[in-house]
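Consider the single chain below, provided in structure tokens and representing the form predicted on its own.
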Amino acid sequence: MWWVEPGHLEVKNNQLSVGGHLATDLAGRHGTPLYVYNGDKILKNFRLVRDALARHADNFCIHYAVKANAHVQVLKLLGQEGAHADCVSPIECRLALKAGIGKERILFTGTSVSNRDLAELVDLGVRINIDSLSQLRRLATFSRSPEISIRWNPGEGSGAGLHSHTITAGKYIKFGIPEAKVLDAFREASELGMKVVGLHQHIGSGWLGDDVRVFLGSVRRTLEVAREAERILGRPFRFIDFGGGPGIRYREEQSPFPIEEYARGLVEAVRTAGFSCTLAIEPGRYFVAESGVLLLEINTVEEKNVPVIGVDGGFNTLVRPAFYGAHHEMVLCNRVRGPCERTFMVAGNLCESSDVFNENKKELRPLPEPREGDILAILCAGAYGYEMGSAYNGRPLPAQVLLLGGKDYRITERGNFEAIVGGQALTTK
């Protein structure tokens, strides 16, 4: 099975093992739905990226994209390894601070940023990445003290990503200041007396191998803008941030992301252009996605119009299949290998016809014959899983468990009625 990895996902006596723990044992101890993250796998992937860059560059930093998985324990793990934080909201900044990542290692990159957010960010003392001229001007009305960088949108043909929803550069994209206005943004920031210390790009996420070529093309354009911007500012940048993007294998036919080619190409482009400032990147999915497994209990096995497997979670638990048409491998934890003589709709427990874990309602999934009470594992669920969850239909968020050093730690309790109703006013008097 293509997804087997020693020390992470293994098959023992035809049962799924995650980080040395039988998945069925984890489900029995902690209940389902359950997110399980292998912390050792997170660290392994972070070190792969760090070591690849270190083979080619001396001056670099890695910002972890907090939105991929914002649990404070995940942030602690990565922060202790030296990761900086890429945050998209003031609360993500606070989570990073709580995890011990210092404010000097946090870069806020938001969009449609309110004055309320800006005031909070100034109070927190984090670096702010400017997404629009409006944001720049509004920030200048009440503070010129924070260090800022400017995010630009490299424009048409520069975007790349696993799905159209994850492409973040191009004409019909809301992010960043467009090419025609980006140098004016540096001029205006300089005139306003702002402390501009960097330039930022981000063209999309979930890249596969061919996307590296598109990325390196955008890098060259960003370096051209950086050279002009430094002339306007009259001083060199402290850093240039090239955003995130490296993806993972969700399907067998996909190839692993070429991390060495990515790191070598990026560093060579920066060096050839003559820049000596810090090179920054912002991976998220690459570090955490493969570490995560979502465990669900099968409660229904029935022939309806098609064979249906009903489970105790829905797209409130993992929205990627319904939202992106995303593919995730599925495994019967207590019967991994077996004849796949039928295909099934894997259906969630929400009152929505789109609530299936297949890519869509008509793409049925081959699986060994399931039984009610079996545990189903959905793989590569460590990024944009729990983070995109909700309590829709009154279905609480699942518990979360971190595996580390041979032990399992429950790091988030399962949601309940009190968690859902806690913020609601129970009286109008």
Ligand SMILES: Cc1ncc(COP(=O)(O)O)c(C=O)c1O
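As the structure is a computational prediction, the values presented were derived from the model and not from experiment. Start at 1 and count along the sequence shown; that's the residue number.
Heads up, the form predicted together with the ligand isn't pictured, but that's what we're talking about next.
Within 4.5 Å of some heavy atom of the ligand in the model of the complex lies at least one heavy atom of Ala65. Mapping the unseen interface onto this chain, Gly206 counts among the residues with a heavy atom inside 4.5 Å of the ligand in the model of the complex. Though the partner is left out of this view, Glu282 does reach within 4.5 Å of the ligand in the model of the complex, counting heavy atoms only. Gly313 falls outside the set of residues with a heavy atom inside 4.5 Å of the ligand in the model of the complex. Taking Gly348, Pro321, Gly244, Gly292 one by one, only a single residue has any non-hydrogen atom within 4.5 Å of the ligand in the model of the complex, and it is Gly244.
This chain is drawn without the ligand; in the model of the complex, the residue among His200, His328, Arg127, His84 with a heavy atom within 4.5 Å of it is His200. Figure note: of the listed segments 91-99, 284-292, 220-228, 178-186, the one touching the ligand in the model of the complex, with heavy atoms no more than 4.5 Å away, is 284-292. With contact defined as any non-hydrogen atom lying within 4.5 angstroms of the ligand in the model of the complex, Tyr384 is the only contacting residue in 372-407.
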